[in-house]
Each structure stands twice: as C-alpha cells, then as structure tokens.
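Before any questions on how it binds or moves, here is one chain, the form predicted alone, in structure tokens.
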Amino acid sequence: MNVLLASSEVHPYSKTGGLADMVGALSKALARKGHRVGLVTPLYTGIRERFDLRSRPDLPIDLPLGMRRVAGEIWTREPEENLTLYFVDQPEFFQRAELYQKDGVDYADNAERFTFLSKAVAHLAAHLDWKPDVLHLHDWQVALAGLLVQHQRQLPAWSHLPAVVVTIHNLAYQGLFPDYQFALTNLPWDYFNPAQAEFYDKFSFLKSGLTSAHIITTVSPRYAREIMTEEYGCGLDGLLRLRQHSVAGILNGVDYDEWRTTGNEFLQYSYTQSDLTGKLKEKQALQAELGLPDRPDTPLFGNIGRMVEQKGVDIMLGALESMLTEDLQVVILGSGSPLFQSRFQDLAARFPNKLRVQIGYNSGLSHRIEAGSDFFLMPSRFEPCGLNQMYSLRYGAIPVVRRTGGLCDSVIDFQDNAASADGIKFTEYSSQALAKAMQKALAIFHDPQLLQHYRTNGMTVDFSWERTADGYLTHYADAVLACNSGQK
C-alpha cells in the first residue's frame, strides 16, 4: 500500500510533544513492513543544518492563499528504505524560533501558516508520481487537507486521489480561527457550514478534517469512547457519535530503537529486567547530576511533561505538599504555564533535598529520569494516549496514573490483574487520591519481591510499533473501501 502521512512535527526533526514521536515511529514501522511511505512536514529552523536534504525542483509549490499566492520548495530525505520525508520550505512561515508560538502566545498568522501547509499536503497527495492510496493526517494543523482533497475529488481533472484518514491526538486542540480566515482556503463558502468547516461561527481546521475523513482514529481505545461524551468531546461529541462507526482507537506504540535500557547513548549503564544493577547506578547518577542526596534506598519519583492543567499538575502540586514530608525524592522536567512553573520552583526551594525541578526539555535527561526513577507520575485530567507511561514500563519505573484514556489502556493495576500488575491507578481527580496512590507506591518499594514483580511485568510488556502499525493498515484498507464506494 502507498501511504502519505502529514504532521506539523516529526521526531527527530521537530518536536513539542508525543505527536512527533508517534508520527516518526509509525512511518518507520509502515516502511519496514514493505509499504511505500511518504511523510510531509514543515522545514523548520535548523533542520537543513542538521540533516542531509535533497532539493526537489520537480515538485514546485506555488499556491493561492486568500488574495495572494505563496511559493515554496520541497526538500526530501530518505532515512531508510521505502520512506521519504517531504519538507515544505517556506521561510516566511516556518523559519522561526518555535513551532507554534512565541513566549507562550500563538503566532498571529497560524491560520495562514497551516492553511498553506495543508494546501501543500493536498498538492503533494495529488501530484506525487507514486500515487498514494491513503492520506493520513495528524491533528488540526494538517486536518484541513482532508477538506481540500474532498473538494478536488469533485473536479473532473483528478482521477486518482487518496482516501483520507484523520488521527485525533488531542481533541482539546482544534485549530479554531475567526470565520473570515476561511477565505484563506480559496474554497467555496458553501463548505463553511455547521456540517463541515464551521464550529460555532468559527473556522475549525480539525472539524474540516473530521467531516471529510473516511476513517477517524484516536490514539487509544478508551479515548475513542471518551470523546463521544460531553465531558471529553470538546463540543465535537455530537459529530463523533454521528460518525461512531468510522471511529477507531489504536493504542500508540513505542519506538524501542530509541527507548531502550541497553546500548542507550543517553545512559551510563545498561540493565535488563533480570539484572537491575545498572538501574540502581542510573538512579545514583541522576541524584548526582541534579544535586540530590545520594540515597539509593529512598524511592525516587519522576515526572516529565507539559506543565498545564491537562497533565494534572494542579493535583500533583497538592499531593507533593503533603508527600514531601515522607522519605522520598522527586524529579520533574517540563515547561508550560508560568504560574505552574513558578509554583513548582517555589516548592523545590522549600524541599531542596527532596525535589528538583528542571524547566524546559532535554532529551537525554528525559531518558535518565526514566532510568533513574523508581516510579513515574502521570496524574492527567485526560490523556488521549500518553507515551511516557509506556517508556516508564520499559525502563522499570512503575507508572502512577489516573484511570483515563490511554493511561488506563496501557497500565495494569493490581486490582485489574494481580498476576500482570505493572502500575498503580487511581480514579478521582484530586490531590488526595494521587497522594494515596503515592503511598501505595511507597509500600511497593519497601517490599522487594513485589517491587520486582511490578518491574518485571512492566519491562516485558510489548508496545512495539510493528503491532500497532497493523492496526492502522486495517483501517487504511477500510478507508480505501469507503472511498471507492463513495461513502464516509
């Protein structure tokens, strides 16, 4: 099968979160199964300097954008057999310090930037000589390409256009803009209606994609069910219930080429579930790196992620207020709301021998936190999939998670299945519930046999992308069938 994916970020070229990891890993997994795979993404600042790219003058980009035309170039890279990256080079839109915002504020021209990207995706879908069977769009930044392809399908000039699959990574981010920005699409205004691109008088990139997709996927089975409820549907639950027979949840996988405990460039020591000597050494190395007391017998909790309410940082602050009086250590790496950043830093100043907070993102440190931690905190308010809990399982850091979305799908609590238990779950969204879950973690830590039981289960569970890719291939086939029969 020929598959063209599109995403506004792709690891290792650009990244703000799990979207980049997922798309980069899925594209490789599909290519390794023998499928022809292309992946469209912006050429951001620094990519050309870090990677060997090839100019493609045979794929010119000169597209209408409202009242003007905008030109660009395509650069390619073939990191492995069957996989081609198509980088959209448009300096005005993509040569910036950050991907989506500056100083925490979205760029004022994001509607223009991602309308242009979506148009470039649709253009390549129609003009690539290897004729994609499926166009797989990831999140709102490229979802508009689905509507553009749907419109092209109505025109007599196009005989082969791909079926469209849209994956929702986080329904809370929909790409909403004032209604007048729809003019940037150069589509007939007939499409700006509540059944297609309009969302409560605003122009919605994501809704444009969802209404034109043949198949809609989310990144975990539970999240696929949750988004059809008013609580998690973000105003789109009615649409998703209407299209429920076209909606599927596929749990993300882990790129074990990168997330491994042996031969990892970011770790000083290797270890396995049968020999955890290296993990204890990584713990001590992490304590030394961050200036915590060298206390190998003290349980260490890690957390990596955005400091925003979705990630449960508000209840984590409350839980730590009480739990830092216990014999434990906590390491936090992340950035986000200035208010949350400040509150975590203030808490660290009050407990200098127990809490370390690093603001920002550091890929190497994230590996070392996973390796050095005994437990990993993910108390999310909602979590479409989550990846860090899966990384934690492989690294022998027992995840402490809330029963929501992909966290619930990927972690097994003792109450779920004692024999297979590999993590701790709690349900109520409160600091008290999280603190109680952390107390359970302390009890596990001080029972060596039980601690080993959890770690062995977690380190041997398989979330490989090869298996996950098979799920997408099944739905790609469904999308092609629906497209050929004229259905959605």
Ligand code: ADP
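Only a predicted model underlies this, so the values are computations on that prediction, with no experimental measurement involved. Residue numbers here begin at 1 and follow the sequence given.
There is another form of this protein, the form predicted together with adenosine-5'-diphosphate (ADP), and it is not shown here; the text below is about that form.
In the predicted complex, adenosine-5'-diphosphate (ADP) sits within 4.5 Å of a heavy atom belonging to G386. Although the partner is absent here, G360 sits close enough that one of its heavy atoms falls within 4.5 Å of adenosine-5'-diphosphate (ADP) in the predicted complex. Taking non-hydrogen atoms only, G17 approaches adenosine-5'-diphosphate (ADP) to within 4.5 angstroms in the predicted complex. Shown alone here, N264 lies farther than 4.5 Å from adenosine-5'-diphosphate (ADP) in the predicted complex, counting heavy atoms only. Stretch 363 to 371 is the contacting one of 175 to 183, 86 to 94, 363 to 371, 106 to 114, since its residues have non-hydrogen atoms within 4.5 Å of adenosine-5'-diphosphate (ADP) in the predicted complex. Site residues W259, I304 and L333 are all in contact with adenosine-5'-diphosphate (ADP) in the predicted complex, judged by any heavy atom within 4.5 Å. Only one of A197, M378, L328, A120 lies close to adenosine-5'-diphosphate (ADP) in the predicted complex, with a heavy atom inside 4.5 Å, and it is M378. Proximity to adenosine-5'-diphosphate (ADP) in the predicted complex, defined as a heavy atom within 4.5 Å, singles out one entry of R394, R402, K279, K311, which is K311.
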